[in-house]
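Below, in structure tokens: the form predicted on its own, a single chain.
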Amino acid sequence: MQEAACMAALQRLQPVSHVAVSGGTHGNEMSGIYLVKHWLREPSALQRDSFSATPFLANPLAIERCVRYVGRDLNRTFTKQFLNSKAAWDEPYEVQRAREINQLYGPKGSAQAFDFLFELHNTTANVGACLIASVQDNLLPMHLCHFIQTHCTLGHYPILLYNLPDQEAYSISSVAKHGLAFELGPQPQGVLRADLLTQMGALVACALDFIDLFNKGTTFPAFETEAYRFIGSVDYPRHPDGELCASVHSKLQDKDFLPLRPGDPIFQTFSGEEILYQGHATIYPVFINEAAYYEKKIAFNKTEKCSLSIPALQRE
């Protein structure tokens, strides 16, 4: 639906000086890991006239073991609950690591925090090349998404808004003043694909070009765009003891960002029966049958398509 707010006057933001690029928040998502390892050896690709981006590996222990995480999901750990807690001998490794990252690139919500942090992810779901922002009100990431959509020619780039109203942002990029995640798939866990690695590298290059143009005073005009707003998730059907009793239906599999209408099939039981979507409105599923979400009891996330009006932007 069309946002009620009309286009606002030109908005001005401070120039972007400190930029970081993180790979390996999840230790088995290989594109970001190997791009960051490459940039640590050859940092020139991350240099622009007005700044140089800092690459870092977010979860070294998980990367070493080629697992998503060691103790808990690092990308769900950047909240006040964990960042402000006192160190304990039995805390998960990722809680300690989140505090370290927060001190290096934050602190979250402070004037000293990095200006922008990019997080690089792969998914086993068929999302293509997805741009993930926390909310639409952060103008710099929204303009960056639009710049990518109009300047990067390697694919289609849907925008996903992941934060629920009044929910604290929990991902690694939330420690910086601005953040954006690149989520590319499908790619198996622990596997490196040349096509997706190349596309991810091109996305980062395009994003850094945008920041350089912004720093040099380029005016980015107002625009309207579509985005997909997260509204909830759906679990797999289960037996009373918690075991799965159905899989994602073949007619839903790989249909990320496509409309799912009431009455469409979403699951198939192991005895062959169809389970239909019982919602009252069309939704747009994403992260369908994501391997890492089985433990989170998520078969797919539900989103609604929305229209956004974004005001013009220029540096102060």
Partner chain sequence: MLNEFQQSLKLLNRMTSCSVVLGAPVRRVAIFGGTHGNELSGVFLVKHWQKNGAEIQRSGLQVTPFITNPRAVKKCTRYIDCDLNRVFDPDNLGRKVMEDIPYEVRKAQEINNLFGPKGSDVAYDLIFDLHNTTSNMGGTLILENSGNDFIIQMFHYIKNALAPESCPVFLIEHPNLKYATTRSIAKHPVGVEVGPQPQGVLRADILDKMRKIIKHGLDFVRIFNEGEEFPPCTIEVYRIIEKVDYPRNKNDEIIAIIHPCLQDQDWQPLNKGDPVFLTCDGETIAYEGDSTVYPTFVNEAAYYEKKQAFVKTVKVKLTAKGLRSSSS
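Just so you know, these numbers come straight off a predicted model, no measurement behind them. Positions refer to the first chain, counted from 1.
Although it is not shown, the form predicted together with the partner chain is what the next lines describe.
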Residue contact check: residue 193 to the partner chain in the model of the complex, 4.5 Å heavy atom: yes
Contact of residue 42 with the partner chain in the model of the complex (heavy atom, 4.5 Å): yes
Touches the partner chain in the model of the complex: residue 258 (any heavy atom, 4.5 Å): no
Contact of residue 248 with the partner chain in the model of the complex (heavy atom, 4.5 Å): yes
37, 243 and 294 each touching the partner chain in the model of the complex (heavy atom, 4.5 Å): yes
In the model of the complex, the one of 197, 175, 161, 204 near the partner chain [non-hydrogen atom within 4.5 angstroms]: 197
Heavy atom within 4.5 Å of the partner chain in the model of the complex - residue from 216, 80, 151, 239: 239
Stretch in contact in the model of the complex with the partner chain, which is absent here, among 163 to 171, 207 to 215, 72 to 80, 185 to 193 (heavy atoms within 4.5 Å): 185 to 193
